[in-house]
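Same chain, two versions here, written out as structure tokens and called structure 1 and structure 2.
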Structure 1
């Protein structure tokens, strides 16, 4: 009983410090130092309406838009509450069938050549908002045709929205699909 009282007291103290005070202080510092990121990196339209986050992918299926990576989240695509991959291995027959169907669907819609893996395979989180520059490049002809734009105009837009590796060494070059599609919509106005 003698050891129980200090143990319970320490539990209460550390719960208050680690579960309340510390998260509140860190959240407060983040809100002041990085206000946009602390609020979820939300993207708004001209009227101030929130239309998405630069951190979470969104479904685009219209031919006039760049298509994102497929999502493997449950209930509906790009569900942030169900983040996670499908957990199907690369030799799983259901997975192979799904990838083959995605490749066929993309080719049927006019994309020719080699289809980059990130257009037919979901990311580990199922929420990735980026595609590779190669995945954007294979869609340029389709986008140009659907929007009546010169391919060179679309290519320059992709180049302008290609983000380099973080710190020059981490990750791979990438293109944020939502930001790119919003810029395409601005061109149409």
Structure 2
């Protein structure tokens, strides 16, 4: 079989090039040019200890913190080892019941009127670090009350943590929940 030799040798050589050399070169360049991003955009506290990633959301349910998107990851919400969405269909009765419970939990803590969709519908990644500015807006009064802060102080903090569309046009404006909550805790100290 004349084609067997090139088949075996090319497979071995391309396995080395595409599977070994290529990712190694990318890693080499990335670790010099973008070391922090290549390692996961990790956040450190004052002592230099790693306390999270600015790209990976964390679960919050305490009234004194901004709540993130609901997360459908298995075992517990925002489990980084189990990224993924709920995969529930729009007419599934179990899904609609879950959304109704989330709406009730938010309304019980003093939000009136309609609720922004992102606050009660689970994200695709299950690790979404962001909420919409509207979803932050409806939580400001609750945070102010729970922390004894003037609503205006909280509002300014939200504004400072709101990212605009990228390059002015791409994507949605958004608020990084973990960064905002860390800032709230810093304010309390």
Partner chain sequence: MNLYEWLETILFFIVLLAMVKPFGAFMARVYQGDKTFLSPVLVPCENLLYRVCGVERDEEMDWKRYAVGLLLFNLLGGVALFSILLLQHLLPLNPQKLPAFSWHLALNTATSFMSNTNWQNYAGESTTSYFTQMFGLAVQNFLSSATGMVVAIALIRGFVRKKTSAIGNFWVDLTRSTLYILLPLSLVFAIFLVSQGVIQNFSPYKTVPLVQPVTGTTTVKEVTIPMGPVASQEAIKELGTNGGGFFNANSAHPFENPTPLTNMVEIFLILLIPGALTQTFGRMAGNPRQGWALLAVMLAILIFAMGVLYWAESAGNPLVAKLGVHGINMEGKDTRFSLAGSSLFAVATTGTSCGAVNTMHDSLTPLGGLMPLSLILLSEVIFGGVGTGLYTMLAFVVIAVFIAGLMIGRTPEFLGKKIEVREMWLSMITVLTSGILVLVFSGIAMMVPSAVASMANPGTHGLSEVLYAFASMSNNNGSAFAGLNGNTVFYNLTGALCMSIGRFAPIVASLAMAGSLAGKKYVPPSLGTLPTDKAPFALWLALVILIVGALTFFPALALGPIAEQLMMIR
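Note that the rigid core is defined as the largest set of C-alphas that superpose within 1.5 Å between two forms. Numbering follows the first chain given and starts at 1. Keep in mind that this is a model prediction, so the values were computed, not measured.
Between the two displayed forms of this chain, it is structure 1 that matches the form predicted on its own. Residue 99 shows a C-alpha shift below 2 Å between the two structures [criterion: core-superposed Cα displacement of 2 Å]. In the core-aligned comparison between the two structures, the Cα atom of residue 113 sits 2.4 Å away from its counterpart.
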